[in-house]
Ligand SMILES: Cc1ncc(C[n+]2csc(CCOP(=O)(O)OP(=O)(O)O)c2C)c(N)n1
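Below you will find one chain, with nothing else, as C-alpha cells; this is the form predicted on its own, and questions on how it binds or moves follow later.
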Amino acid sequence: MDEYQVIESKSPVFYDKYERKAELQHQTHYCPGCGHGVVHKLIAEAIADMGVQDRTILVTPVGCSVFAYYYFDMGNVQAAHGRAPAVATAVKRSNPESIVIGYQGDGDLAAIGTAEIVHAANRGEKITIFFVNNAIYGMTGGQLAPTTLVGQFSTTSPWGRRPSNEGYPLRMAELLATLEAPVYIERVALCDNKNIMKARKAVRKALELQRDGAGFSFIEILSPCPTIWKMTPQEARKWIEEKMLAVFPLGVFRDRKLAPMADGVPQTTVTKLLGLDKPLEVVTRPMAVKDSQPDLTVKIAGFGGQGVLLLGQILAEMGMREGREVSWLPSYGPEMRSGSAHCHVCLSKERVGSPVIEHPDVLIAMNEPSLHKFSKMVEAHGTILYNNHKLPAGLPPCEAKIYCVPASEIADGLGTTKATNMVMLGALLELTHTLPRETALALLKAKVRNVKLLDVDCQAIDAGMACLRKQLGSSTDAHAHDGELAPCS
C-alpha cells in the first residue's frame, strides 16, 4: 500500500518569519477563531496564483489588521484611521500598473472612513477594497460600530443597540451599489467551508478585475470575532449564520465591467497635467557650490493675510530650483484674515527627515504675538527678523540675535503692504546667503502676473536686503536681551 504524506506549506506571499516579536515568529497576533487569518490566506493565495506579488501594494489603516505589514511580503503602506481609500487612490494613480488593495474593518471603513470609501467608489478608482465586517470595534475593546446589529450589546451600548438612540446598522455593500462607478460589489461570509469557498472566488475575481484594468471593486466579508463577542470560535461562526445574514444578506450587488468613464473632457494623465511630459529647465550648479551652502531651517509666523504661508512656499521653491532638498509645513487657524498662521521651511543638502522644526535657525516674526510666542525656540546661534522699528517691552530674554526690520512700513512706502513678506525675504537672503537674489526674482517673474505688483515685489526684496545690509555693517555682538540691533531708517 502506497504511503501518502501530507505537506502543509505557507503561501510565498507571506514572510517566512513574522518578526513583530522576538518570540512566536511563526504565528500572527490574531485571536483564535478570528476571521482575519482566513481572509489573509485567501488574498495571499489569489496573489500567488496570479503572479502579481511583486507589483501588489497593501494599504492598511488602524484596526486589528494594523500589523499586516509584518505578514505580507509585498508593498505595504500604513494609512491613518479610515483613510486607506484615499491613500490607495494616491498609490494607484502614481503607480497605475500596480495592484492596490485596501484592507479595512467596519469601525475603520464605515465610521471615520465613510467619506473616504464613498468618494473613492464614486470616482471609480481602480482599487480593490476588502471590508472585514464583524459588527464591532475589535481592537479597542468592543465599542458599538456602524454595523453593530440592533439589540447587540457592546461596551458603548450596554442595553443593546437601539435605533432610537444609535440608529440602524449601515449596509455598506448596498450603499455603494447605489453609485454609478463601481464595477464589482459582493458580500460573502466566513461562517462555514462552503461560504469560505465563495469568499475565495470573490476575492480572486475582484483582484483579477483590477489586474485587467477594470474600476472600483469592493468585497464585504462577514467575519467572526470570538474574543469580543465572548463566544467560542464555533459559536461565533454560527452567530454569523443565524444573526448577521438576516441583516447583511449575501450576494452580488454589482457586477459589470465599465469602459473608461467619458465626461466630455479629453483624457490626460497626472504626468501631462504637471507638465512632466516635457523637458524641464533645470538650474544646475557645481557640486562644490551646492555643498558650500549651509542647511537652513526657517519658521515664519504672523497673522493671516501677511503672506506668511506664501513666503514659506517661495522659499521652498527657491530651494528646489537651487537643487536643495526642501519641505514646507503650514499651520493656520480657520480665519482667512487676522488669525494666527505660521509655517516651517527646511532647506537641506540631504533628504529632510521631518518637516517639523523645533529650534529654527531663523525666525521671521511678522508681528509682536509671534515674537513673544516663538522667540525662545530659536537656536542659540540663530537669528530673529522682527517686523518693526524696535523690540516690544517685556520680551523675555533669548540667546538669538534680533534684527528689527520695519517691513510693513517699507512695503507701504513702495505702494502696497502686500509686499511686506518680500521685504522680509530680502532681509533673509542678505542674512543667510543660502539662496541667491536672482533665483527669487526669476521665481517671482514666473508666478506674478500683475506687472505693477511684480515690480513692487522686486523692489521690496532689494529694500529688505539693503535694510539688513545696513544693520550688518553696524551691528555688534550684542544679543537680543541686551537691546535690539540698529533698526533701519
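In this text, residue numbers run from 1 along the sequence as written. No experiment lies behind these values; they were computed from the predicted model shown.
Absent from the display: the form predicted together with the ligand. The rest refers to it.
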Choose from 424 to 432, 48 to 56, 63 to 71, 444 to 452 the stretch whose residues reach within 4.5 Å of the ligand in the predicted bound form, heavy atoms counted. 63 to 71
Contact residue in the predicted bound form, chosen from Asn134, Asn387, Thr128, Ser370 - any heavy atom within 4.5 Å of the ligand: Asn134
The single option of Gly302, Gly138, Pro182, Pro85 touching the ligand in the predicted bound form, heavy atom within 4.5 Å: Gly138
Heavy atoms within 4.5 Å of the ligand in the predicted bound form: does Asp106 have any? yes
Consider His81 of the chain shown here, and say whether it contacts the ligand in the predicted bound form, taking contact as heavy atoms within 4.5 Å. yes
Met231: touches the ligand in the predicted bound form, heavy atom cutoff 4.5 angstroms: no
In the predicted bound form, does Val247 have a heavy atom within 4.5 Å of the ligand? no
Stretch 10 to 37 - residues with a heavy atom within 4.5 Å of the ligand in the predicted bound form: His36
